[in-house]
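Just the one chain here, the form predicted alone, laid out as structure tokens.
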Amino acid sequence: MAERAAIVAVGQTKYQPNRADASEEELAYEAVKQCLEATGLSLSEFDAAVSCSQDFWDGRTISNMNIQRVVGAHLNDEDKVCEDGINAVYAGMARILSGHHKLVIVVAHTKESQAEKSLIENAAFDPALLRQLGLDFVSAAAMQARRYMYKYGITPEQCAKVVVKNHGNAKKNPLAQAPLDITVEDVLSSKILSSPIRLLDAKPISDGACAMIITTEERAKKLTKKPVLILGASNCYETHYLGDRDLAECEALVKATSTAYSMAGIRNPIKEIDVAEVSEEYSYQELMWMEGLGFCSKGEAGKLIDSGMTKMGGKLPVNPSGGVISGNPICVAGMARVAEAVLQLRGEAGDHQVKNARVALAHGITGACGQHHGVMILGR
């Protein structure tokens, strides 16, 4: 890219199982306020805003109307992304690179506690052919997990190691919702939600918000001593119908990854990426997505988790923040991955800091079985 976009500030709420004490507007502003305080900017200085929310979760149409005041949208430019938050970051980046905007605020919010998750997810399926089956993302993920584990010999124990690792990492992240000191045996003995997925294999219900400020590379240097550049970014959709693809594969992720790596000049991700924040709503997904991200060959992610390479202190730490499985809401999760990557690159991740992190990967998903993937490479 001739001109590059840069992130100069990030803000996150603490993720919690229920934030009935705050409205969507108040929740979003908790994250926005952190960004404003970090830069000394006011909302009136932004050229545009990009928000990420979902009508079903907010219980109203045009869900971004809930937060217009806290993103400076009055008499200004504001767009809503109704998918994962990484796409809102992508949209903010695109506004900067277009040359039409110089300063953009991006925010995502969701309160999963105020809705019935299964019913909302069921509405994502085709109304004529699939919705009546009662599918939700858990039952769909169970089919994908079963297919993936069968095709490549991935074991329940290897999936459980993801859970143990990420909840353990969450103990060092004060924003994480569910830091747990658990064992593989604890995961395997937890309640079955939809075989082979157990309670501890799945992310919890979560409320929270995330925000960040994106600007030009030139202006970023005036706003912060630690700007983080977006080196590459891409996203890609899979087919809508689950039966039209082999659920053991993640071709949309492979394509999005290829484009993002090409933009960033990444040829060997294991050697060139220092830390990765990967969206894993279910334990098997971290393994599957690592293959799609090129961290290992197809079917080899089980061996990767066994090797300890993705632990803190390993060659490529994955989800040092605790990941989605430790508690991030829909819509917010992918933006939280970007925010955590930014903290790592700025050396501000506290007790879950990866040493000498210079290049980071952030990843987000939308829909059943990873129907849509977004990949972003960031660097200092």
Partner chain sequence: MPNRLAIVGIGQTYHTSKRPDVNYAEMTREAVMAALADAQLSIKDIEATFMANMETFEAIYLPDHQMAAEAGFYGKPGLKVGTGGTSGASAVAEGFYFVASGLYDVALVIGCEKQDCGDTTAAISAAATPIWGKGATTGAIGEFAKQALSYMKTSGAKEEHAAMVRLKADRNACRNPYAHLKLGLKSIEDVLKSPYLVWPLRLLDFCPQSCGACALIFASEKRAKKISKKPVWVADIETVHQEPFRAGSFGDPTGKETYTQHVACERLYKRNGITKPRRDIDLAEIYEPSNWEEMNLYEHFHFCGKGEGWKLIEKGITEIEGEFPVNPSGGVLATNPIGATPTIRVAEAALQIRGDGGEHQATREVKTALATALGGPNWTVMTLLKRSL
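Bear in mind that the values here come from a model prediction, so they are computed numbers and not experimental data. Positions refer to the first chain, counted from 1.
Just so it is clear, the following notes concern the form predicted in complex with the partner chain, a form of the same protein that is not shown.
A.B. asks: Check Y237 for me: does it contact the partner chain in the predicted complex (non-hydrogen atoms, 4.5 angstroms)?
C.D. replies: Answer yes; at least one heavy atom of Y237 falls within 4.5 Å of the partner chain in the predicted complex.
A.B. asks: Under a 4.5 Å heavy atom criterion, is R95 part of the interface with the partner chain in the predicted complex?
C.D. replies: R95 belongs to the contact set for the partner chain.
A.B. asks: M65 near the partner chain in the predicted complex, any heavy atom under 4.5 Å?
C.D. replies: Although the partner chain is absent here, M65 would touch it in the predicted complex, with heavy atoms inside 4.5 Å.
A.B. asks: If you check in the predicted complex, is K255 within 4.5 Å of the partner chain, heavy atoms only?
C.D. replies: K255: contacts the partner chain in the predicted complex.
A.B. asks: Based on heavy atom distances of 4.5 Å or less, which listed stretch (181-189, 265-273, 72-80, 304-312) is in contact with the partner chain in the predicted complex?
C.D. replies: Result of the contact check: 72-80.
A.B. asks: Exactly one of A91, L223, I205, L229 has a non-hydrogen atom within 4.5 Å of the partner chain in the predicted complex; which residue is it?
C.D. replies: Only one listed residue qualifies here, and that residue is A91.
A.B. asks: Sort through Q158, N87, N169, Q177 and report the residue having a heavy atom within 4.5 Å of the partner chain in the predicted complex.
C.D. replies: When the partner chain is considered in the predicted complex, the option within 4.5 Å is N87.
A.B. asks: May I ask you to list the residues of 100-132 that have any heavy atom within 4.5 angstroms of the partner chain in the predicted complex, in sequence order?
C.D. replies: Result: H100, H101, I120, E121, A123, A124, F125, D126, P127, R131.
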